[in-house]
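Here you get one chain, nothing else, as C-alpha cells; it is the form predicted on its own.
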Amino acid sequence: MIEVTDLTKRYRRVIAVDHMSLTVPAGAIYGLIGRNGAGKTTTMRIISTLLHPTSGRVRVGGHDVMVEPGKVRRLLGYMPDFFGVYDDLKVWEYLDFYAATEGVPARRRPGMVSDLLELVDLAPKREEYVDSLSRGMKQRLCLAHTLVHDPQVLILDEPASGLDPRARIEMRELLKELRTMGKTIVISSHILSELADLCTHIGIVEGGKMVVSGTLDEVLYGRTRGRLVRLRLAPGEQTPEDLAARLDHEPLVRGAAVLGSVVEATVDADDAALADLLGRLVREGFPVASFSEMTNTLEEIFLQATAGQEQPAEGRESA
C-alpha cells in the first residue's frame, strides 16, 4: 500500500531523512519509532504530500506522491501530533463542516456524522461544544475528522500524545477496530510498549535512516539478533558446562554461556529448528528439564538499534 524508496529530505545543510526505504503492506499497522528529530514527522509529511522530498520516491496505493498528489490525498487521512479544533462549534457541527469541505453531499452528511461519532464513541457528546471535551475526546474527534472521506490509509503522528492511560487504551482499541475495517495505518509514538501490543510492523528510525524494519515478530525475534533461549538440565552426569560446550559446536548457535544452573544460547532458528535441536540434545543424553525463549521488549530492541548513534547538533524536525 505504501512504498518509500531511497527517500531523502534536506533542509539546507541538515539531512532530515537520509536514503530511507520502507514498505507498508495493505491492512498493516506500521509503527514508526525514533527519538525527537530522528526523521519520523518529515517522512510522514512527505507520504501525506505535505512536503516535497529532495530525492527518492514515495507511492501510496500505486500513486506517486509527486506526480499524482490529488489521488494520494483521496486515499489518505493525516492526523498531525497537534490538531487544531474550532472550539465554538458543536461536535456534530465540527464533523459536518469538514465533511462539507471534502465534498460529501449534504444529504449524506447527517448519517455519516452519526456513524463516525458512534465509531469514536462520541455519540453522547454530539451536542456538546468542542471546547468542553477532554483532550482524549478531542483526539478521538480529530481522528473522526481524518476519516470523513473514508480514506484507505491513515497517517497518525503521535495520536496518544498527552493522553491519560484510559484515553490511550481507548485510542489503541479504536485503531485496532479501524484495522479490522480494512484501514492501513502508519503511526508514530514514544509509548513503545503500546506499539508492541498494537502494530503488525515496526520501523526504527535514527538520524534520518531506517535502522530496523520488519514485522513485529521479525523485529522482536529476528535472525539479525538471534533468539535467546534458556535451558536447564535435570541432575545427572551432564553438567551445564557440558551443555554449553555442545551448543558451541552447533551451527545454529552463535554462542552459549553458563549462568549458574542454566545455559543461555543465542540461536538462529525458527520454531521447527528449535524443536529439532531440543530433540537432538535429549537423544544425545542431555536431560533437558526446561527450555524457554527469552524475549526482547521493543524498548530493548530500540536501545540496541540506536546505541552509539549521535544526533546532529542542529535540530532536524519536531518529532
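All of these numbers come straight from a predicted model, not from anything done at the bench. Residue indices: 1-based, along the sequence shown.
The same protein also exists as the form predicted in complex with a small molecule; that form is not shown, yet it is the one meant from here on.
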In the model of the complex, which of the listed residues (73, 190, 246, 209) lies with a heavy atom within 4.5 Å of the small molecule? 190
From the list 36, 261, 290, 55, which entry has a heavy atom within 4.5 Å of the small molecule in the model of the complex? 36
Are any of the heavy atoms in residue 48 no more than 4.5 Å from a heavy atom of the small molecule in the model of the complex? no
Can you tell me whether residue 81 touches the small molecule? I mean in the model of the complex, with a 4.5 angstroms heavy atom cut-off. yes
Indicate whether the small molecule has at least one heavy atom within 4.5 Å of a heavy atom of residue 14 in the model of the complex. yes
Is it the case that residue 158, even though its partner is missing from this view, gets within 4.5 Å of the small molecule in the model of the complex, heavy atoms only? yes
Which single stretch, out of 247-255, 60-68, 277-285, 28-36, brings residue heavy atoms within 4.5 Å of the small molecule in the model of the complex? 28-36
